[in-house]
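So this one's two forms of a single chain, laid out as structure tokens and tagged structure 1 and structure 2.
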Structure 1
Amino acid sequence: MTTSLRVGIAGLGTVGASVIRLLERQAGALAARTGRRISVTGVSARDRSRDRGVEIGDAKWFDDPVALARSSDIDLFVELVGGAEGVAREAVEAALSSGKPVVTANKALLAKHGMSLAKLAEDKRVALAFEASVAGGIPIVKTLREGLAGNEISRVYGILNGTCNYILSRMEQEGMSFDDCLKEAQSLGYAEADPTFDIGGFDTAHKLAILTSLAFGTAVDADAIHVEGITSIRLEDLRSADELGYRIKLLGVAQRTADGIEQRVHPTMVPKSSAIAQVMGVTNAVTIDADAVKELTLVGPGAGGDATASAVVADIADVARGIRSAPFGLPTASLAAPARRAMQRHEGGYYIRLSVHDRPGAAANIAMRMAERQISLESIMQKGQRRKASAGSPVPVVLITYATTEGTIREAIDAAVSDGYIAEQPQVIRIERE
């Protein structure tokens, strides 16, 4: 057996502690599979005194992750601190600059600085591995980069945030409030340190930016992503979706079109019979449409200590074996600058929930605003019953449209709002068909 691989881990939260436990539990199998013993020889975290329920044994403690990244006590730096800037970025750059391979779960860092970090890793001829950055335990990075190398991919989409899927599932199934579901997700260790990243859709966007680059051979382009989170979703939307034969999921979608790549993150109505609609709780799912394999869906745990540690340890094992892939599947100079397709040109069906002043002509007006833009309605439904005393007060009206474009639907809604029949900000949810 060749010399052991000495690992330094920065960040001992839920994932860091699970990585240490998993390396310990699988020590024998990992040594057999990689031909090397893997030992944790350095650690760094914010608070040395906190009980994390793990033994760090003889590993040297570093107060400063950057010092750990540069230390000659380690051969591989594992970054589990998080955040696109600050100490996480400095430490990763320090490790790569000093010729050490890096394993990271940091999607925010990769979405923002993935290209420069990949270039640095390439120049230094060391690995930059990030399987854990997307979809927790699902090996989607390897699948896109190695497993589907013989395919041309046309679309990649999925449920990429366990916290949001957990919240939407619990709201739908238990009728619980948004806030209570979020608190549960936090207590289970799924949510980001700042949960706005989850519920605002940004975490999904970071992951989508990485998948898009891997799928289409383009430079990471996170700024091009249209991002909406789930904070506007109400129980009544989930119930209406159910009645209409849909479920609401937060999806990240990247699609190759004739005019460029469309990247979007938003709550989406998916048919209840579709595979993606069956994915509940913290589970993630990624579907890839490609020419040779046709359609491939991977489903698995998208967040949580053990699931994410599984992906981190797989990357550590690759480094132990001496594997060094181009981080985004191609040499950085060959990654194309992506052509962007604007969200206004997105085509699809729409669910629209309006709060409409219950007066004669209200529904006809809305239907007219749609018809004059050639928007065809699949259904229109007024919810609830008017009481005599409340004539003219707002009632919910739900519309489902056939395929149209984002720009057209927005124009129609703006026109209907200006006509004065609509009481509140309309809810607009896109429909994704398989």
Structure 2
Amino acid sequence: MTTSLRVGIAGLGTVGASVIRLLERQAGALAARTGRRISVTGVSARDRSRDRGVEIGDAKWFDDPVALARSSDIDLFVELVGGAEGVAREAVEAALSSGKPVVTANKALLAKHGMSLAKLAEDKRVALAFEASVAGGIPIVKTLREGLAGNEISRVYGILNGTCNYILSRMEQEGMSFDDCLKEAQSLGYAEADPTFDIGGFDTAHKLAILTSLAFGTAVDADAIHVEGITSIRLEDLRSADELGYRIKLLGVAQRTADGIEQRVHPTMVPKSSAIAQVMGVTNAVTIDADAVKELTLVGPGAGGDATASAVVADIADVARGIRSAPFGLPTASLAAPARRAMQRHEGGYYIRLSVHDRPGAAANIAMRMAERQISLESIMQKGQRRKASAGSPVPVVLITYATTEGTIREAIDAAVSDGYIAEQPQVIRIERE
């Protein structure tokens, strides 16, 4: 057996502690598979006194993650601190500059600085591995980068945030309001005290930026992603989706079009018959459309200590074996600047929920505004029944359109709002048909 691989871990939260336990539990198997003994020889975290439920043995403690990254006591640096800036970025850059491979679960760091870090890793001829940065325990990075190297990918999309999927699942199954589901998710530890990053769609966007680069051979371009969260979803939307044969999921979608790469994060109606519609709770799923394999869906735990640690340890094992891939599948110099496709040009079907003043001419006006822009309606549903006592009060109306563009839909709705027939902000949800 060759020399051991000495690992330094910065960040001993849930994932970091799970990585130490998994390396200890699988020590024999990992040594047999990689030909090297893997040992943790350095650690860094904010609080030395905290009981994390793991023993660090003879590992040297570093108060400064950057000092750990530069230390001659380690051969591999594992960054589990998080955040796009600060010590996480400084430590990763220090490790790579020192000629040490890096394993990270930090999607925010990669979405913002992935290209410069990948270039630094290439210059130093060391690995930058990040399987745990997207979809937890699902091996989606290796699938796109290595497993599907012989395929041309046309679309990659998925449920990339367990918090949002849990909330939407509970709303649908239990008839709970968004606010009640969010409070429940927070009490169970599925959502942070400040959940904005998750429910606003930004966590999904960071992950999608990484997947887009891997799928299409483009530079990471997080600024090109159209982002909407789930805060506007109401129970009536989920009930309408159910009646129409759909479920609502927060999806991250990247697809190749004739005039560029389209990247978007937003609530989406997906057919109940689709594989991704069956994914409930905190589970993640990613579907890949490609020419050779056609459609491939990977489903698994998207977060949690053990699931994320599994992906981290897989990358550690690759380093131990001496495997070093171009971080984003191609050398950074070969990654194309992505041709951005404006969201206004997105084509598809749409679900539109309107609160319409119940007075003569309202329905005709809305239909006229749609027809003016050649928007064909698949169905119109008036939700609920009018009561005599409330004549003239707003009535919920649901429209389902055939394929049209985002820009056209927005123009028609804005015109109808200006005409004074619509009482509240309209709800627009895109439909992904199989």
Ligand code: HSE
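C-alpha atoms forming the largest set that superposes within 1.5 Å between two forms make up the rigid core. Predicted, not measured: the structure shown is a model, and the values here were computed from it. Sequence positions of structure 1, starting at 1, serve as the residue numbers.
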{"query": "Either 1 or 2, the form predicted on its own", "finding": "2"}
{"query": "Cα displacement of residue 177 between structure 1 and structure 2 reaching 2 Å, rigid core superposed", "finding": "yes"}
